[in-house]
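Taking the form predicted on its own, here's one chain by itself in structure tokens.
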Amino acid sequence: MSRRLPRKAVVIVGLGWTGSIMAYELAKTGLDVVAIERGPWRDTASDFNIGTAADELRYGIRLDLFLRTKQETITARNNMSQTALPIRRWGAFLPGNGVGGAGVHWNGQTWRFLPDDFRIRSHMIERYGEKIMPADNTIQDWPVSYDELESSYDRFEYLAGISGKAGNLRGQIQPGGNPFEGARMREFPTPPLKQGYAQDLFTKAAAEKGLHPFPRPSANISTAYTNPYGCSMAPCTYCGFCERFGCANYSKSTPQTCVLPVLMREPTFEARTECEVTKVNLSADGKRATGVTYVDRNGEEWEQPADLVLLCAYGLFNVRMMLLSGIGKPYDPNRNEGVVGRNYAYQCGGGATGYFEDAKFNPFAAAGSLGAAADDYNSDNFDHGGLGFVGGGSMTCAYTNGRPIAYHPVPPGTPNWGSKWKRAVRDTYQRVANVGVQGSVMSYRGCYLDLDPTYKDPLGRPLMRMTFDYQDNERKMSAWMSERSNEVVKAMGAKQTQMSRLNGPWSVVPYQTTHNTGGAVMGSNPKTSAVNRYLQSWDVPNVFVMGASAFPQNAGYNPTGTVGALTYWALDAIVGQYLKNPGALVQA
């Protein structure tokens, strides 16, 4: 029997990027806001001490910052004919755990999706005809445009102090930036990071091949900065301990550095950590949320009534919460009906590695988003006619780290152990450069999320089941992009190259990327989307669902910048419209 608590105006599930921004902006208006976070409290000063934060064994190998599968896991399979099995150890992707969520351990790549990405279905059909679309796709246009989101992108970038160089200022192409990006109202808040020798070689080689290289946008900021909330950050020291680590230097944009210092001073805000929300409670007719039920660290169950419920957990877990709570119709791939769980997508990779004889690099002088990129093969920036696929990716030459346990590149044919392996590690460590591809993944009828019929969590709730595999479209794109990457690596002067591309079925075992998208997608039609253009549930209007779960398919970029932009976009609608007149903001 749960114990009922006093009503709050707003209850937020999860206290990462989206939850902390929402909490601060709503608490500022005087609303009583409570955020309920499953994991522990995390603070830069107490949790990421400068003397212990760079512990590769603890954080990089034993994954101290990440969700434990005993807390929550999912089952996975490649197609509907298979039986899904539980993930016992996170591998392909690494969900965060605790205050800050995945915003603590990320590398810091902060992109804006391209204008064509928001209307990819219409754009591709208009340019190439219906025949270019992949089989069994459920690709759909976003219900918002780049131009509508531009100011929200700007707000998130200035909140985070993102380092970079504009390529398109108010419609005017700028030298040194990305000429393919959508028009932005002003420059990045801080200048680009200093590039290394490998990035200089890439920039020269890419330009010689007619590409348009530019410094990658980075949340590892280049100079001291104070954001609009009054939170101050320090310049990056290029230590190479970003992904899987908290930043002890206050140099990586995270909720801890950019929002929490001011949020925790708001008198109407409360954070409850190590408390797991088990469901969103609904009224008898199912048309209104009345609050949430959660279990605290002692196993005691509580009911938190609230007028407004914001799902701000990691995208996969937002979808599961909707399924467990009965918010929206679950997706049925056989009938291609329903919306919750529909259009799950991931990210695909590829690229080429070069082994050099004369060049000497320092991979340990690195940052999570340090790198030079080219977008000539992203989205529809190139002619797809005759290629047999849609989509593309951003091509980048980068070092995120040169850490001693996990980073030991060796040429093809090297033994896996022994004296020859040791010599190869020694001789190769500073003579390798990679040109990698962050590729898009389209949405398909057979790639979706639902509740597993067999496996349950410790509280007796069904686990979420993921059904996913790369399709021919992504395999063709990865192969083609890898060939383009290989051409650039050779032009950089590599004596030997090795391409990587999608091979075999998708696997949950090797780490790939934590860029899971879809499952609660936004749209203009309630028959093909779970939330409307303001991320408001079509079925339960006092529930809003934040995060990459809203993406109808995934673009050739990291999702965080767009997640941040959608947060401010939805926030403006909540403050400017919903709070004044609660109800559906878009009529079905």
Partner chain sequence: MNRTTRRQLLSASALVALTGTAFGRSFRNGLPWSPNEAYPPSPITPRAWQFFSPDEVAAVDAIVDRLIPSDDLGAGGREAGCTVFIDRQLAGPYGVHDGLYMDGPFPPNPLPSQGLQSPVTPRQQYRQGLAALSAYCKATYAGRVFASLSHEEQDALLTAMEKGEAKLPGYDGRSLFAAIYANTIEGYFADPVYGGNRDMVGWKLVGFPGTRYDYRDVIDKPNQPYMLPPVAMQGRPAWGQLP
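Residue numbers count along the first chain shown, from 1. None of these values were measured; they are calculated from a predicted model.
There is another form of the same protein, the form predicted in complex with the partner chain; it is not shown, and what comes next is about it.
Heavy atoms within 4.5 Å of the partner chain in the model of the complex are found in exactly one of 327 to 335, 144 to 152, 239 to 247, 111 to 119, that being 239 to 247.
Out of the listed residues N503, S283, T454, Q172, T454 is the one that sits within 4.5 Å of the partner chain in the model of the complex by at least one heavy atom. Note on contacts: among T203, N486, N78, N97, the single residue with a heavy atom within 4.5 Å of the partner chain in the model of the complex is N78. Contact check for A183: no non-hydrogen atom falls within 4.5 Å of the partner chain in the model of the complex. In the model of the complex, the partner chain sits within 4.5 Å of a heavy atom belonging to F364. Looking at P261, you'd find a heavy atom of it within 4.5 angstroms of the partner chain in the model of the complex.
Contact annotation for G51: at least one heavy atom lies within 4.5 Å of the partner chain in the model of the complex. Taken together, the three residues A102, A207 and H384 all stay farther than 4.5 Å from the partner chain in the model of the complex, as judged by their closest heavy atom. Applying a 4.5 Å heavy atom cutoff to the partner chain in the model of the complex picks out Y294, D296, R297, N298, E300, W302 from 284 to 318, in order along the sequence.
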